[in-house]
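Just one chain follows, in the form predicted alone, and it is written as structure tokens.
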């Protein structure tokens, strides 16, 4: 495929890697196809024949155990790369060189050299690369972006119960990178300083980490990520002049508090406002609290629809390959800071 297909011709898509992430991609592509969108799930690839065959049967799609075999047998316009991170570059490059646009799950690659290789091949063949930073498509994030006004402090918590999934990378590349990408896109300023501490707990890699970033524009961001928690928490809070916003990724909620909006209101008015917002108690005088109306949606579906739109329009994706590289570069800088701290602490 040298460009976007005809508008009435379904895009032929494949999924490389049929593990937990890959199965979700397969499911959503199939749902989009069933809903009448111009897309057709054409292939699934997994090195494990049993997994590939099961996915092929479940989603009624041809299956292959190698990408080369797939590309020789099936025409693809676009594909999701959902293999382990260490294989992202090889799979993405093979697809791009075959004139296939790709969505690469996060992180874009295991190293900056591999990320640069992906981007170079994409430029050479004129292909699109989108990176699977799923939370960019969370409706609460989209709503928060509309209310940005020079944010100066972020507090991020992403906690998860331990599983054997994604143990090929540490918690920074597994979980925290979602929030790094979001904050980088919201602050839009170079990072000035990184302070980091991380510890392995149940795996051989860092399972819990705390990071402090200072940006050149003076903004501060604190991140905590854990994959050994007893609960699931996915929240981001940020402060900007006279305003505080609290975002819950899982609930797709956005709460906004204006510092001066309620000044002079009576207790009765404050109580009525609290009732309308669903708050447990009314805010103090001088604080105006409200929930922002959000149209709920599945982030993965929104992400894949955006990817397919970029493929058709030949437009820059919402999360470009360069965005993915920037998030990876910061994550690797955090790795270096964690290693330096561990050395100082004698860990």
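These numbers were taken from a predicted model, which means no experiment stands behind them. Residue numbers count along the first chain shown, from 1.
The following text describes the form predicted in complex with a small molecule, which does not appear among the structures shown.
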(Q) Give me the residue from 47, 302, 318, 294 that has a heavy atom within 4.5 Å of the small molecule in the predicted complex. (A) 47
Q: Could you tell me which of 111-119, 204-212, 249-257, 126-134 sits within 4.5 Å of the small molecule in the predicted complex, going by non-hydrogen atoms?
A: 126-134
Q) If you check in the predicted complex, is residue 200 within 4.5 Å of the small molecule, heavy atoms only? A) no
Q) Do residue 179 and the small molecule share at least one heavy atom pair within 4.5 Å in the predicted complex? A) no
Q) Taking the shortest heavy atom distance, is residue 105 within 4.5 Å of the small molecule in the predicted complex? A) yes
Q) Does the small molecule get within 4.5 angstroms of any non-hydrogen atom of residue 336 in the predicted complex? A) no
